[in-house]
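Take a look at this single chain, the form predicted on its own, given in structure tokens.
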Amino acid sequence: MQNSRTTEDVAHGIRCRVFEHSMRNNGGYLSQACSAAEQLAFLYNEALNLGPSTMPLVPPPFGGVPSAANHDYRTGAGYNGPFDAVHDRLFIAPAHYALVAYACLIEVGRMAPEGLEMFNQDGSSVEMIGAEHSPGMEVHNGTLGIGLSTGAGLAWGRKRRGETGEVCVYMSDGEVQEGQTWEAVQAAAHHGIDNLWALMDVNRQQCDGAMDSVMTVGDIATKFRNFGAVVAEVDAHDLTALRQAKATPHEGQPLIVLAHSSPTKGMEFLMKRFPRLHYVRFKSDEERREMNIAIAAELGIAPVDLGGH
């Protein structure tokens, strides 16, 4: 399903929407919007073969946990289209990217803007940390490192059934600090699961600051190759490079696209907070006003009216 807007426009819209939401709500995942905007726009707008959304534009409230008695339970995966043999499936592994993913769903017409007003509200399915019932989410991925395993299992099953749809996992580079990621790619290579590919945001940032200050991970491209994957490395903000990377042949092996990104792309004013970029909460009203004016100018939009917020 191709959106009529360009992927560049969708990416810009993601940054603007996350910025405006963060300004109104005294903070948000701004840095993730900077690094991931082109990547998520690329996935939803052109790379993935997704059918039309099967969910309402305005997300329903949280419907309770899955059980035999809860017949109305639905995951948020319906926002990515139907489950059928020909369409692709997407797992968004870093659940803290949820705000950016919701903004993307709005920009490509799969969720109404009103849905973002439900973000992090009691009783809402639009969770701050995306859960399996949240728009665009199929499973709970709050624990980093389980996304690739989940995707590999589904891809293996789909391959055995002869389904033509692929499985894509959107990942963050913090997940290479988790052993399960390496088990997943090793198993995928061993079983020839080549209908699996992953796009990894390599922004070198994590909750406690720069990755290298928490635990160095070395040359992750070489490590993925040694574990059996085909690897492509690109500038995450270069859409032409992303397209070429997706087309990399990988018969009999999973494909890992390492997208090297800037955690302040499009909002360079955020460098004043470097390396504490994981969740930007304003330290004072003055900082909020200053950031509102400076980043709005970088994005080419009007500052957010903070009256009443």
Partner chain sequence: MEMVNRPYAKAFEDYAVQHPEVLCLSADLTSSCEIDGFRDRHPDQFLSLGMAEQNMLSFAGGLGLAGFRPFLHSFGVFLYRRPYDQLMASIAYPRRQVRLMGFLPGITTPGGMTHQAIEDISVMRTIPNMTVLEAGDATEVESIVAAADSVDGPVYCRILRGAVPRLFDTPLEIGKIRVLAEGTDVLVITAGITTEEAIRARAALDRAGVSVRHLHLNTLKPFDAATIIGHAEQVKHGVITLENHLVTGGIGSMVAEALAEAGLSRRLIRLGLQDTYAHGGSRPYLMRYYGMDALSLVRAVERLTGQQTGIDEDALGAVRVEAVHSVVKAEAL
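Numbering follows the first chain given and starts at 1. Quantities reported herein were computed from a predicted structural model and do not represent experimental measurements.
Below, we refer to the form predicted together with its partner chain, which is not included among the displayed structures.
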Testing 62-70, 254-262, 36-44, 278-286 against its partner chain in the predicted complex with a 4.5 Å heavy atom criterion leaves exactly one stretch, namely 62-70
| Candidate spot Arg89, Gly153 and Glu183, all three in 4.5 Å heavy atom range of its partner chain in the predicted complex? | yes
* Quick one: is Arg225 in contact with its partner chain in the predicted complex, heavy atoms, 4.5 Å cut-off? -> no
### Message
Under a 4.5 Å heavy atom criterion, is Val126 part of the interface with its partner chain in the predicted complex?
### Response
no
With a cut-off of 4.5 Å between heavy atoms, is Ala232 one of the residues that contacts its partner chain in the predicted complex? no
Checklist entry - Is Ser149 close enough to touch its partner chain in the predicted complex, meaning at least one heavy atom pair within 4.5 Å? => result yes
Only hit among Thr143, Asn120, Thr164, Gln177 for heavy atom within 4.5 Å of its partner chain in the predicted complex is Thr143
Only hit among Ala95, Ala187, Val202, Leu116 for heavy atom within 4.5 Å of its partner chain in the predicted complex is Ala187
Restricting to 157-177, the residues within 4.5 Å of its partner chain in the predicted complex through any heavy atom are Gly157, Arg158, Arg160, Arg161
